[in-house]
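Quick setup: one chain, the form predicted on its own, written in structure tokens, and binding and motion questions come after.
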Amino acid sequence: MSEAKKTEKNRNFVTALARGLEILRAFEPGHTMLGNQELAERTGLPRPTISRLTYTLTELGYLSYNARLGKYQPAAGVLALGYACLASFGVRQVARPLMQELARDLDVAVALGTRDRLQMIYLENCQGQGALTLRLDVGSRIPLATTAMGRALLAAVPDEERSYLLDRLRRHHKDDWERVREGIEKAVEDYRMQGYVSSRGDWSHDVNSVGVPLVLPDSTVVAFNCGGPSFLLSQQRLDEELGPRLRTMVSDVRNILAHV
């Protein structure tokens, strides 16, 4: 029985609410306007169910409907929820000036993110001045298993949580699990030995990056990454400059949070 089916059998679980939230999760950067058919394909829900849910979400102010295109997009209600969530991450306000300084000094992209299922979602992103730095906005999603940010988080979570996530990732990456698993295991060891992890073309062949996790006072784990195009960021530069600098920056954030 699938995990979703098991959850739905729990008498405390409100299936209609869960399905409505799945609709909202289907919208993401680059796909901000979706029709009922597209939503059905993304969520796996029946088209009649989608129609009822999108109508309800529109009435409640979480979606708006573009009659000309026949598509929906997130409305102010979702924006309010998003900002409330971001505001709860006080680490953003502390980290942003340090992130911006590092991005400017190294001419790279520096981002902060947290886990959302088997992905990492950007909470903050700072860019260097170069035209070739990575352009990912707040709300962008990247893979958990193959990115420096995701591997950094996996390296820092408790062993029991990591085992649970590895089992889910194994099922998700069943066709190339051995390669993915080896990358994660190396990242865990690298973090123990040097205080940062890396992704050298593992997520995208033309992107190199490093990652460092941060365990917040409430035990929530977030992660930072620092990277850019591989032709600008050699492996030597990752190890001699980006990794140590990002590690120091995260240490500074940790020290500031300890005294806030």
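Bear in mind the structure is a predicted one, so any value in this text is a computation, not a measurement. In this text, the rigid core denotes the largest set of C-alpha atoms whose superposition between the two forms falls within 1.5 Å. Numbering starts at 1 and runs along the sequence shown.
Note that the form predicted together with the DNA isn't included here; everything after this is about it.
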* Is there a heavy atom of Gly195 no more than 4.5 Å from a heavy atom of the DNA in the model of the complex? -> no
* is_contact(Ser230, the DNA) in the model of the complex, heavy atom dist at most 4.5 Å -> no
* Does any heavy atom of Arg247 come within 4.5 Å of a heavy atom of the DNA in the model of the complex? -> no
* **Residue contact check: Leu21 to the DNA in the model of the complex, 4.5 Å heavy atom** => no
* Segment assignment from 230-238, 187-195, 32-40, 207-215: heavy atom within 4.5 Å of the DNA in the model of the complex -> 32-40
* Considering the DNA in the model of the complex, which of Ser51, Asn66, Thr58, Thr220 comes within 4.5 Å of it through any heavy atom? -> Ser51
* Residues of 12-44 having any heavy atom within 4.5 Å of the DNA in the model of the complex, listed in sequence order -> Asn12, Phe13, Val14, Thr15, Ala16, Arg19, Gly35, Asn36, Gln37
* Asked: Taking the rigid core as reference, does the Cα of Leu34 move 2 Å or more between this form and the one not shown?
  -> yes
